[in-house]
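First comes one chain, alone, set out as structure tokens in the form predicted on its own.
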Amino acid sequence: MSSEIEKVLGPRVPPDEFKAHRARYMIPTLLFVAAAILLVISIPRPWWRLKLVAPQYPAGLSVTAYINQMTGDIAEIDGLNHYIGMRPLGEAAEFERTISVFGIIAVSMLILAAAFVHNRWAALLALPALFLPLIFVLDLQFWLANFGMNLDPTAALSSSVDPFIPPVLWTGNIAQFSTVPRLLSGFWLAMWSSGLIAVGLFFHRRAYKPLVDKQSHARE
């Protein structure tokens, strides 16, 4: 049974080896645990904010995106968007917002699981969390493009605004409006988590690859 487990989870560290090189094996585990904690902390934090600035709105209008909701001047922005034929903001990323909390918890658990896997499968378990910030940005840009490029041609001011793609990471211009995006603390926590995972995978490989190689040679 033990050999079957090792085929999946990788070789176990002999007690004497662990005692002699405790830090070598603890470092990746601690990095993975810290990465998982940062992701969980990011759940209630805001991830992204978009501010609309125009002469008639000197203070600007803003919408803040969390992983499962949006807050801010949504009614006012939806009112403006209605005239150019853009759909209400609440229709964006409905599926993503529904599964996001469970998804991040699940991804965090995969990171913790990676700490107990001592072979290449650990990297596979960590990949979703490693690329989570990139996935968030790409998904957000997809929805911004989807809304901006699919305007209702029957809207009152549809003829005055051509289809557009609001940029997710830099300032854009739409008619008399400027859009000013900003990545917030939830996103940066996820970025720190990704950084810890990348470093953790480096130390994981350094610690366990010699054991994996030794295991492979023993089977030959």
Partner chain sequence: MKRLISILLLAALALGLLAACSDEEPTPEPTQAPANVQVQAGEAGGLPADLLAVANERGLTPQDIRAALKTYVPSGKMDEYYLFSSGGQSGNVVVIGVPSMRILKNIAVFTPEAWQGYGYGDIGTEEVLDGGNVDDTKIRMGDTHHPALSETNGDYDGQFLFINDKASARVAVIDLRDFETKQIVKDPNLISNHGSSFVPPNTEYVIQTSQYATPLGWEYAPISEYKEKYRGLATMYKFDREKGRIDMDNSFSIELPPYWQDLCDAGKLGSDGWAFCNSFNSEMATGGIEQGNPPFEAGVSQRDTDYMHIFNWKKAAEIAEQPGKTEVINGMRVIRIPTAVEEGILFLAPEPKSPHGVDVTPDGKYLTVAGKLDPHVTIYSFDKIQKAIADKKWTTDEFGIPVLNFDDVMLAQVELGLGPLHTQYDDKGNGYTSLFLDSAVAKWTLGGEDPAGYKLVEKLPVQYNIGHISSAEGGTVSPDGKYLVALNKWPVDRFLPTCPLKPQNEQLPDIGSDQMNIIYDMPMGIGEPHYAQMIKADKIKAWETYPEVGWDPITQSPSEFKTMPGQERIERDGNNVEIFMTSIRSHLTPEHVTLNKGDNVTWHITNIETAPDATHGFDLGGQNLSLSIEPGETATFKFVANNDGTYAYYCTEFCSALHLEMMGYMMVAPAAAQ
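Residue numbers count along the first chain shown, from 1. This structure is a prediction, so every number in the text was calculated from the model and none was measured.
There is another form of the same protein, the form predicted together with its partner chain; it is not shown, and what comes next is about it.
Though its partner chain is absent from this view, in the predicted bound form it lies within 4.5 Å of a heavy atom of just one residue from Leu189, Ile43, Val168, Met70, which is Leu189. Contact annotation for Asn173: none of its heavy atoms lies within 4.5 Å of its partner chain in the predicted bound form.
For the chain shown alone, Ile27 is a contact residue for its partner chain in the predicted bound form, at least one non-hydrogen atom being within 4.5 angstroms. In the predicted bound form, at least one heavy atom of Ser158 sits within 4.5 Å of a heavy atom of its partner chain.
By the criterion of a heavy atom within 4.5 Å, Ser185 is counted among the residues contacting its partner chain in the predicted bound form. Taking its partner chain as it sits in the predicted bound form, the stretch 42 to 67 comes within 4.5 angstroms of it through a non-hydrogen atom at Arg45, Pro46, Arg49, Lys51, Pro55, Gln56, Tyr57, Pro58, Ala59.
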